[in-house]
Each structure stands twice: as structure tokens, then as C-alpha cells.
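Same protein, same chain, two forms; see structure 1 and structure 2 below, as C-alpha cells.
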Structure 1
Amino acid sequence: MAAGGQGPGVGNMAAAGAGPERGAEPPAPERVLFPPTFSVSEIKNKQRRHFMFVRWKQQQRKEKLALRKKRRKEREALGDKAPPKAVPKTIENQRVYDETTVDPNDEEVAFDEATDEFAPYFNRQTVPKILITTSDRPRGRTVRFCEQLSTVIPNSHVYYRRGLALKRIIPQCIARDFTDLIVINEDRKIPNGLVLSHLPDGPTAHFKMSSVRLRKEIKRKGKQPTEHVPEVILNNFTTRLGHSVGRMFASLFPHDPQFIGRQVATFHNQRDYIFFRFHRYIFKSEKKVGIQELGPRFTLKLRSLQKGTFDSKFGEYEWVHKRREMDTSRRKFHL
């Protein structure tokens, strides 16, 4: 009985005082459960939501900058053995191939350009003379825009329309040896359209105009432009249609720019939007150049290209922009 009665007591005491054996792993701590991740947009308070979004953007910017510094150090350490930089994917370099993309060595393109309506200008047989006019009874902002545009394009004259049809203006322009006609349209006192007609045989292009900024609205602008003939830059007009539009813009300016004026007019095509800028530049050193924007600035979007001079009823159109049929892909461009 002593053995039988002692057994359970001794066993319990041994179990209580034994503790963990040597070499046994300690018990794992309890796992902390965090709330599930949520989107910033789920925050109901507007100010708190904006604060969290700004902080998230700042954190992303810091991480991106740290990664860029790390890669730069790795490239400096590897030296010549560093791998080439990866080209970022953009809509421009992922562009859908256009069959009408111009090859500079194409004989057919060279023949067409030698016989088109702009050939006399590029052969130096004509001197540009531009008439700038407006829609019927223009308002103040459109008037000021036309005046500033005339200081950009040499040998241009501004006349304001009052009840005179465009079909009656064109024969008068041809009789007075004008080579181009520019019509600035407006809606609600804001310029919203531009018609460019090459005389006497066309073609005529209709553009939608947006983002118009006059000189006084441009920050850090330079002084008034001088009367020197500016240089012209036509950038990224790659297709046959783009070449035609680029040649129209080029024919507005005289052949020989006056480099002493250090002024340049730029027509930059990006995703079928044509951005116009007018700058003055100065060489600070062999590697650094300073520029000042003189204004005005605006953006154009081609709507149609018509053969011959302006004729809204019986004109034959070479190209018309139809959004539902043509804008099927964000990576397809026409200019």
C-alpha cells in the first residue's frame, strides 16, 4: 500500500519539478494578427484620405529614388562591364506600325515632294506672304492672339473680317500674291480652331486649337521678339500625312533664318497633338544652352485635310479624322 499510495504523489511531484528537457526547443510565441490591408479610397474622412495618399506617394518616391541610387552605384562599380540601360516602355515607342511611314531614301516620296503644291516654295521660286484673319467680328482675346502670331511669322498681315465670306477672301488673296491664309476661329471669346490654306492651289488643313496662352500669361517669359527671321524645327512628322502637314508649316517661314536673332519656332508632334512654342536661346558655354519662351503657345489637333482651297460644300478631302473608326487603339497615330 505504501508503494501503491506513494506512486501517484511521487509521480505528480516529479512531473511538477521536472521542467523542460535539455535540447528541447522553446515554445513558439503567439503570432500577432494584423488587420487586413485596405485601400486608401476606403477611408471615409476626406482630409485623412488625402493625407494618407500624399504620404503614400512620398514613400513611393523615396523608394524609387533609393532604387535609382543603388543602380547608379552598381553601374559605377561595374564600369565598362555594366549592362546597357533598359529602355522604358512608352506609348510612343510601342506605337503601332503605320504603312505610310516615310523612308528618307524612298524615290516615290522624293518625286511626290518635288511635284506637290509646296515645290515652288522649297525650290525658292516664291517668297512667303501670309494673311492672318479671324472669324466674323472677333473679340479681344482672339485679336491679341492674331497680333502676337503676326510677330512670330515674318511678312504676315492681319485683317479682321466683318461679314465677308471666306470664299470671297481667297480670290482677293491670290490677286495680291499671298501664299497662305490663316483663319483663327473662336467660340465664347476663346480661340478654338485654325484653318490653314495654301494658295493658290491648296491644300487646306483644319485644326482644333486648345491650350492657348498669350505672352502675358506665360511665366518667366523673355522680352518681346525681334523682327529677325526665326529658325523652324519640325519634330516627329513621320508619315505621309505628317510630311504634308509639316511642309505646310515650313512654307509659312522664309528660307534663310537670321541666326543673329537666336529665335526658334518649334512644331512638335506627339501622339497626333502638335505643340507650338516660340523661344529665344543663348549659348552659356560649349555644353549649356539657356532658353526663354517668348510666346504665344498653343496646341493643334488635325481634323481634316482638303484638296484645293477652302470649300465646305464641294471640296474633296484627302483625310478626315473619324474618332470611332480610327481611334481604336491608344498606340495608333496618324502623323
Structure 2
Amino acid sequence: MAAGGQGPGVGNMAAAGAGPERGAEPPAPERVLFPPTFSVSEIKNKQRRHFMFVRWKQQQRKEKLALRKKRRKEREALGDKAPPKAVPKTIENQRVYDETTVDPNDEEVAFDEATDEFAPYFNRQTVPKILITTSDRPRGRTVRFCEQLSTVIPNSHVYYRRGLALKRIIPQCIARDFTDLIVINEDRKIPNGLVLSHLPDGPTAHFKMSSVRLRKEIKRKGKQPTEHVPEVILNNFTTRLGHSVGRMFASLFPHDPQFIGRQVATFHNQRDYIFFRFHRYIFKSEKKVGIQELGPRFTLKLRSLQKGTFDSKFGEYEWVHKRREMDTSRRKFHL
């Protein structure tokens, strides 16, 4: 049959078009005819192959468009009885259900939170006072980042470490009434790690920090952040672990934001990455708000959560990121 012996390298339209159609109806039941398949990749000549591929692609697109139009017509024809639109799958949709997801009405969780280390903060018994420091010998970028961070977080002080051990700093901090300690770790002149420790004997969280943008690197930024206490937005902290981390962040800021300042600090968790942004907002109408980015921005990824204060050797780890075990699924997130 002519179909069987297709001219090699010939972009034969007739053959290509006829092939699949003929294959749809085998002529006789006695002689089984396999449909003469012809794939574009068999053409050896690159130019012709490319031409055939482009034509095939156009054909596919046309078919897809036709299918879509048909579906839309059907939908309109049915009117109200039309089946609901299919929702596209996203990673958030397909996320593996985490059994530690906190239900808003969960009493056990509420009780836990009423008695954990942040209870004094949330009962307004303590005012946050924060110490920001770095690893040894910070370079320019880290220093500037620390300064900007201290303008963003009210009631924070920056002290430089000159070779002091953290374990010795911590008792001194507790003695001077600090509630939180932030250590920014630096590597090759850029900040790349953050240790956040709640002081009296609170949990210590170790984050990997990436995408640090200082104020001057942000496009279309506004003026300097003022001294007003900003509001705090915590998005998407759903699991139990996420809840504790979220409360850690919330306890950095004083309880009563000054709405006059119109500043808001956001910690947004998406797929285990926590994005920090600092904006100034303005309500243009009751349905529209404009935001303008002020301060520094960075993203954090939780590496470990330790029960007591910072202690790398003997600490009791509540959660450690184990790459081999936890990064196996693309749809599984922990925060």
C-alpha cells in the first residue's frame, strides 16, 4: 500500500492527512490494517520537520479553540443548569492534608495557646523589647539591614557582637528585660540566616533568609517608616507548627497598633516560605485601598524550632527540617 511506503523526507500532505483518517476505519476484518502512523519526528530534514511541526501545532490550537467554543456554546445553551466550571488544579488545591491543621474552634489548641510562653504577651502583661544582633564581623549590607529592621520593629535595639558567645549574651538580655533576641547570620557579605529567640525561656526558631532587599533597592518605595506602631498581618499559618511560628512573629510587635501611622507589617506564608513585607496603606474608598511598600523585605524558610533558648548542642528540638524525609512530596507543606 502507498500508505505503508511513505516517501521518506517528503512532507506529503496527502499522506499525512489521509493517514489518520484511513486508520479510523479498517477496510476489511480479514486483513488487519494498522493505521499508518506518521510522526513528525521521523522526518530527517530539519527544515521540513520544523515546518511540519509548526503546522501540526497550529492544527492542535485550532482544534482546542473549536472545542472551547463548543463547550461555551453548550454552557450558554444550558444556562442555569450548566455544570459548574472546573476549577484548575493548583499546588494549594492539591496540598496534602496535614493532620496538624488547626481548626479555629479547637479547644485544645486554644488552651495550649493560653498557657504557652507567649501567653504573657497576649495577655498584655509584657511589652516586647527586642535586641537585634549579628554574627561576628558583619559587613556593610548586614549592618544596614539591621538598622532598617530596627526602624521597622518598634522598641528594638541593635547591638554589635564582638566575639561574644550567644549563651553568655542571653542571661544578660534577660536581666535587662529584653523579650526577644534576633540574630542575623551573615555569609559572604549578605545576610542569610535569622535566629529568633523568645527570651525568658521561649522557643527559638532558626530560619534561612533569602531575597533580602534593602530600602534603597525597592522600586517605588515611600518615605522612611515612622515611629508609629504598625499593624501586623499573619497569613496562611494553618498548622500547629505554623501557629506557633505565627505567634512568635506576632509577639515581636506591641499589642496596640497606632492606626494613625497607617503602616502594616505582613508575614505571609506560602508553601512554607514566609514573605515579610512592610507597607503603608491608604483607604481610597470603602472598597479600595492603596498600598506602598516602605521598609525592607525578605523571605524566610523555617529550618528548626527549638523548645528552650538558643542551644545548639543540648537543645530540645521541637521540629527540624529533614530534607530527605520532608522534601519528598511537592504537595506537602509543614507550616
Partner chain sequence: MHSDDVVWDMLGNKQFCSYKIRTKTQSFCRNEYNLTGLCNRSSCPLANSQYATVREEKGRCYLYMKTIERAPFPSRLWERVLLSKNYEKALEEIDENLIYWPRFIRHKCKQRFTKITQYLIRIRKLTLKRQRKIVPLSRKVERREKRREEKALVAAQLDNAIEKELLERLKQDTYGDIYNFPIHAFDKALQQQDAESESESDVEKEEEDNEEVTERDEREFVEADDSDISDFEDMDKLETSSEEEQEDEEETEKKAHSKSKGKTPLKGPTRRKRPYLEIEYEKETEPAAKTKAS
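Between two forms, the rigid core is the largest collection of C-alphas that superpose within 1.5 Å. Since the structure is predicted, the reported quantities are computational estimates derived from the model, not experimental observations. Residue positions are counted from 1 along structure 1's sequence.
Undergrad: Of these two, which one is the form predicted together with the partner chain?
TA: Of the two, structure 2 is the form predicted together with the partner chain.
Undergrad: If you fit the C-alpha atoms of each rigid part, what angle in whole degrees does the small part swing through between the two structures?
TA: 25 degrees, smaller rigid part against the larger.
Undergrad: If you line up the core, how far does the Cα of residue 87 move between the two structures, in Å?
TA: That residue's C-alpha is offset by 2.7 Å.
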